[in-house]
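What follows is one chain in structure tokens, specifically the form predicted alone.
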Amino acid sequence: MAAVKDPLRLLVELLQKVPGMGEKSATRMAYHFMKAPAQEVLGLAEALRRLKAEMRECEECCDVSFRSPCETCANPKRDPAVICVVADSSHIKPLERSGAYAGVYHVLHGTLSPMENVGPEQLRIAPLLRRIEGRPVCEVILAINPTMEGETTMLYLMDLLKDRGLRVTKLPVGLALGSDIEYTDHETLGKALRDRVQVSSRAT
């Protein structure tokens, strides 16, 4: 029979699985929850339960939302002819805070990474192509982190989109190599969106 783990130690181990959460931070947070009022802790547990039970992928853009289509896709003020492609749902809010974009989004849920066995089939590339084929899209913006995996993903998408009569753009090199869109300030992102670089043009 397996030994039952101490609940405090178990919580610390689970918290350390959160990206960027080290042992010291996880331990400090676990002690906070242990001392916090029961209502606060139970409220957090209920929020996590609902997160897993109620959140889903938007049928249009593949963003994570509690309804489908999501709020952005359902907004009649957004321009559906311009699609901004991001690797992760967490990259949408920083771009929105920039106030420089009024189109819609498409979330890939990752980047190509042969080392981690992540190929095109594991990403939401097929739904992106279906959106482009089914609607009058005029521009696709590639807003993907300029890491090695991100650059590989953008090159792959550029090749897929080059003969589809689209204007394909990406954020300029002013966004430093290896930087993360999630942690880039809104002014820098706004400028990057306004100064986006064209990598292929609409067929004439």
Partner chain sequence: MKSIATEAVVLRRTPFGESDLLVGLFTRDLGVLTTIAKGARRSRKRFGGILDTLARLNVLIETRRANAIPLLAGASLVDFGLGLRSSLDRVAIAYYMGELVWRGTKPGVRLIELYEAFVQALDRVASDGPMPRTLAEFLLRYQQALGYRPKLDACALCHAPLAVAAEVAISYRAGGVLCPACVPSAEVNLRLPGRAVRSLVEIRAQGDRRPTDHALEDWSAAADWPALRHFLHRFTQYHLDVQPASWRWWQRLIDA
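This one's a predicted model, so the numbers in the text were calculated from it and none came from an experiment. We call the rigid core whatever largest set of C-alpha positions still superposes within 1.5 Å between the two forms. Residue numbers count along the first chain shown, from 1.
Not on display, but discussed next: the form predicted in complex with the partner chain.
Every residue in the set Pro114, Thr152 and Glu187 has a non-hydrogen atom no more than 4.5 Å from the partner chain in the predicted complex. Within 4.5 Å of some heavy atom of the partner chain in the predicted complex lies at least one heavy atom of Arg194. Not displayed here, the partner chain is approached by Glu121 to within 4.5 Å at the level of heavy atoms in the predicted complex. The closest non-hydrogen atom of Met21 lies within 4.5 Å of the partner chain in the predicted complex. The closest heavy atom approach of Cys138 to the partner chain in the predicted complex falls outside 4.5 Å.
Stretch-level contact analysis of 43 to 51, 141 to 149, 161 to 169, 57 to 65 against the partner chain in the predicted complex, using heavy atoms and a 4.5 Å limit, identifies 141 to 149.
Of the residues in 52 to 78, none comes within 4.5 Å of the partner chain in the predicted complex through any heavy atom. Pro114 shows a C-alpha shift of 2 Å or greater between the shown form and the other one [criterion: core-superposed Cα displacement of 2 Å]. Note on Asp159 and Lys191: their C-alpha atoms are nearer in the predicted complex, a change of at least 3 Å from this conformation.
Expansion of the Pro80-Leu189 CA spacing by 3 Å or more is recorded in the predicted complex, set against this form.
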